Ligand SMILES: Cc1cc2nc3c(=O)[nH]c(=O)nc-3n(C[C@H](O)[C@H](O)[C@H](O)COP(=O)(O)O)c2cc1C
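Starting off, we have a lone chain in the form predicted on its own, written out as structure tokens.
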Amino acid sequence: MTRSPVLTTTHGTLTLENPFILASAPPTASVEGIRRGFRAGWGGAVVKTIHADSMEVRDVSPRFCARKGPGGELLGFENIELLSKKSVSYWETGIVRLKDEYPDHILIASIMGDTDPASWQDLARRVQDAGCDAIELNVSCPHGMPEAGVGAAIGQNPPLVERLTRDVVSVAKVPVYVKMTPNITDIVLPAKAAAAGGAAGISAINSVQGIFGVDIESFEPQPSVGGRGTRGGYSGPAIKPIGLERVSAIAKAVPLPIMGIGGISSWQDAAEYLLLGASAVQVCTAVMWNGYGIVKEMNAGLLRYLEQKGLASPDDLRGAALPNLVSHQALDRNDRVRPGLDRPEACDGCGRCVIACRDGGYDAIRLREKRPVFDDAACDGCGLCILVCPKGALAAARYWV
């Protein structure tokens, strides 16, 4: 008899009830928030980054911007929020309480010292003595902190990543993870540096540095704080392709467990990260938009998927897609697609496919009696027409040359 799958997940030496972890962000900015997350069903949480009390943190207002779809759905999100506004002692007491109440949930302390490694070591000692299960080094914050010589200013410098990791690992009694910045040409370099410094694992990615937009009437960068703006961290569904690429690159190059982060809004997104080498995932923006309760469908959906695939746990997904990720030169040039009118009843003769193919493809489509007609000899198989069809009337058929 086949056993039913479970969501129990191994991440290095840690065991999670499920692979879904609240990322270090506003949803984990308080003990009560993390408590609500655990009650909702999250397998773990990363505390909003704890910093030395001597490091002043004052947030601006407003500090968020969102790009939404026609139905109000979130497409992309930018923030210029800084670190935790709670003291170290608040988190020491909070970690004790949370681990006492939820001993089976994984609690990771994100920390950021100043430019002196001793400040990082002091924070590491204090949070591990309070009972956290692991430590995450925030060397990737893309806004505010790099101006002080920390955050991404460290994460973009592999030798600094290695030295700082080694400094913290030397005093740590729990696993140390290093959170990578995507704002670097080759993310593998700091990941290898973290591994060389003794890291137990990698977290990737932090938000993508960007400028959300500019008000073309007032000339104010957004979000506008008293008429002025700054670079922020972009997150949400829009950055998932970046996160997937970075995680896969690390998974192929560094033999450490990875917590995948970036644009995860559903169990399907999480499965993609697991298939490309992550062993667990962290979620932030989707929780800010929809609440802690989204994890219920994430857990249920992933469990259904595992049962459908005949897999025992999320561990069986780990890296299963990596063999299919190859260099561009290794792709088959003989395997082609050819568009066809798969659902004639859905086509309303709008001509979008004709315009796209004419101006962005190979001019291989004509409308005849409000129906697309394809010139197979001219078609190059790019697939653009299928993507632009607003009704989903076109589909691809495979063929060989």
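Since this is a predicted model, take the numbers as computed values, not measurements. Don't overthink the numbering: it's just position in the shown sequence, from 1.
Below, we turn to the form predicted together with this ligand, even though it does not appear here.
Of the candidate stretches 158-166, 187-195, 259-267, 99-107, only 259-267 has residues with heavy atoms within 4.5 Å of this ligand in the predicted bound form. Only one of the listed residues (284, 132, 251, 317) places a non-hydrogen atom within 4.5 angstroms of this ligand in the predicted bound form, and that residue is 284. Relative to this ligand in the predicted bound form, residues 279, 305 and 312 are all farther than 4.5 Å at every heavy atom. Within this chain, residue 77 lines the site of this ligand in the predicted bound form, having a heavy atom no more than 4.5 Å away. In the predicted bound form, residue 236 approaches this ligand with a heavy atom inside 4.5 Å.
Taking non-hydrogen atoms only, residue 25 approaches this ligand to within 4.5 angstroms in the predicted bound form. At the 4.5 Å threshold, heavy atoms of residue 272 stay clear of this ligand in the predicted bound form, well away from it. Annotation for 199-217: interface residues with this ligand in the predicted bound form are 205, 206, 207 [heavy atom within 4.5 Å].
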